[in-house]
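To begin, one chain is listed below as C-alpha cells, in the form predicted on its own.
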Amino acid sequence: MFKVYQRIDHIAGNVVHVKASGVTYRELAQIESRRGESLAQVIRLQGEEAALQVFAGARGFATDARTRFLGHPMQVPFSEALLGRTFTGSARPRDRGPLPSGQLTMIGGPSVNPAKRIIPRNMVRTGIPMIDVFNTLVESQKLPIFARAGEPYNPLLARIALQAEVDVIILGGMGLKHDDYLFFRDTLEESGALARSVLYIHTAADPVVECLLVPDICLAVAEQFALQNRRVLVLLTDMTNFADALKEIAVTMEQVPSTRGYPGDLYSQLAARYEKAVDFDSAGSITILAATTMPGDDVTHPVPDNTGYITEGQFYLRNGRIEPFGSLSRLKQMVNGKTREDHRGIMNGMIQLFAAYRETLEKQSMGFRMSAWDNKLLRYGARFEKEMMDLSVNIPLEAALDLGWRILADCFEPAETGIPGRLLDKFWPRKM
C-alpha cells in the first residue's frame, strides 16, 4: 500500500517537509498539486519529518498538496535499446524517442563485493600518446581530469569516447551548457560512435536535483552492461558541478557547512560514485574518467582535493595539453610491461629528457648562453610538444612508440638518451 499524506508542513526552496512515518531515505514520492504531479525524493529523515527534494522544483506548491510515497528508491530501466539514446538527468528521453523499457535497476546501490573483483590487468587504448604511452589507462581504473575553466576537457572526453577500445560508452553530463550537450551528441553521431553510447545529460537549465542523479544512473546502467561481459567506459563531466549541487541542497537543508561551504560528507559522496569502478572476475568491467574543474586553477579546492584521495591518479589538462608532470596513472605499471618491450624505456627516457628541456627553457628565459646540449634539448622539446603532447595527435600505441624512437634519434646520440643499451640495440632507428 502507498502511504499518502494530505498536507505539507513547510516549503524551503525546492525542498518540501512532510510529517510521515515508515518512509525510507531516498524513497520516491509523487506530489499532487494544482500544477499537476511532480516526482520527489526523500533526502533527509528527522524523527517523524521527511524532507523531499522536488525534481522539477517546488514553485507553485501549496501546503494542501497531496504526497504519495512510492515505497522504492529511484530506478532506471535497462535494456539493449538504451544504446544510441540520449536522456535527461532523471532518465527521461531527451532525443524525442520512446520511453525506455526493460529491467528496472535501482540506482545508488552499494559498490561491488571485493570478492567479485579481480586485479586490474588490461589496458584501455585511447589513441592519445600522452595517455597510452606515458599514463596508461587501465580497465576498472578511476581517474579524474583536473582542469581549470576554459580548458578543452569536454573535447578530450569526446575524443576518448570516439577512440577508446571498449564495448560501451556511458556519458554523464552535469550542469552542461546546451552547446556542450549538442557538441557531444553531434560528435558521437557523426562518427558513428553513438550506436555504442548512452547519454544522460543534465543541463544548467534543468532542476538541480537531477544533477545529483546523473552519476548514479550512469553507473547503475554501466554495471548492468558490465554484467553482460561488456567493457564499459563511464565519462562524467563535470564533478565540480555535482559537488556544487550537493552544496546547494545542503544550504537549503540548513546543514552545518564544511570547507568553503561544501557539506561535511563531500568525500563520502564522491567516493560512493568513484568506487563503482570494477573489473568483475567472471564478467566485464567499469572504468571511470571524470572531468573535475578547479576554480581558480586551485588543486587544493575541496572537490579536486578530496578526489585525489579517492582516485588512482589524475590527468592534469593545462594549455590544451595533458601535462606530463603532475599527471599520474598509478596502475600503469600493471599493463605497460605487457604491451611492448620498449614501452617503459621510452616512457621514462622521454619524460626525463622533457624535464631537462623545461629546465633549459628557464635558463633561456633568464638570458643564459645555450650550450650544444641545450640546443639539442630545445629541438627535442619542441618536437615532443608538437608530435606527442598535442591532443590532435591520434595514433596507436605501437606507432607512438616508433615515433618516440624517431624523435630521439633525430635529436640525440643513443648514449645521451639514458635508455638501457639492450633496448637501444633492438629499437634505435638505423640510418639509411
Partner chain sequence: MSTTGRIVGVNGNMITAAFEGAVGQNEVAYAHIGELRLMSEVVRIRGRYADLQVFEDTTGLAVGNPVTFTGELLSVELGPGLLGQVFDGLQNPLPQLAAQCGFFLQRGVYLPALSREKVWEFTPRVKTGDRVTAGDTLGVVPEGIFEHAIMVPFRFHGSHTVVDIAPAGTRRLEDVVARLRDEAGTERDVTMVQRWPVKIPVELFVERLRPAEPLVTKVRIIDTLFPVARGGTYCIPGPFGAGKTVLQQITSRHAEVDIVIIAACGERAGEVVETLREFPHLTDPRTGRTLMERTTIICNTSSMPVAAREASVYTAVTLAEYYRQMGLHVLLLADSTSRWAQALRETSGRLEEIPGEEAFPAYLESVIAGFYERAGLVRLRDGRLGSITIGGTVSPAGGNFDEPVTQSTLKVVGAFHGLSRARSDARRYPAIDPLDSWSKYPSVVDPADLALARDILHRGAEVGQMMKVVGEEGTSLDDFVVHLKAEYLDATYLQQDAYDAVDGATSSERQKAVFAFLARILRAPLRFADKDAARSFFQRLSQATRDWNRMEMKSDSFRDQEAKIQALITEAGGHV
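Here the rigid core means the biggest group of C-alpha atoms that line up within 1.5 Å when the two forms are laid on top of each other. Numbering follows the first chain given and starts at 1. All values derive from a computational prediction rather than experimental measurement.
Below, we refer to the form predicted in complex with the partner chain, which is not included among the displayed structures.
Using a 4.5 angstroms threshold between heavy atoms, Gln46 counts as touching the partner chain in the predicted bound form.
Taking non-hydrogen atoms only, Arg92 never approaches the partner chain to within 4.5 angstroms in the predicted bound form. In the predicted bound form, none of the heavy atoms of Ser79 sits within 4.5 Å of a heavy atom of the partner chain. At least one heavy atom of Glu416 is located within 4.5 Å of the partner chain in the predicted bound form. Listed residues Arg66, Arg379, Arg59, Arg26 were compared with the partner chain in the predicted bound form; Arg26 is the one with a heavy atom within 4.5 Å. Exactly one listed residue, out of Val251, Ala195, Ile351, Ala149, brings a non-hydrogen atom to within 4.5 Å of the partner chain in the predicted bound form: Ile351. Comparing 80 to 88, 183 to 191, 295 to 303, 154 to 162 against the partner chain in the predicted bound form, the single stretch with non-hydrogen atoms within 4.5 angstroms of it is 295 to 303.
Looking at 110 to 130, the residues that come within 4.5 Å of the partner chain in the predicted bound form, counting any heavy atom, are Pro110, Ser111, Val112, Asn113, Pro114, Ala115, Lys116, Arg117, Ile118, Ile119. Core-superposed comparison between the shown form and the other one: the CA of Asp298 stays below a 2 Å shift. Once the cores line up, the CA of Arg92 ends up less than 2 angstroms apart between the shown form and the other one. Residue displacement note: Glu27 has its CA displaced by under 2 Å between the shown form and the other one (rigid core superposed).
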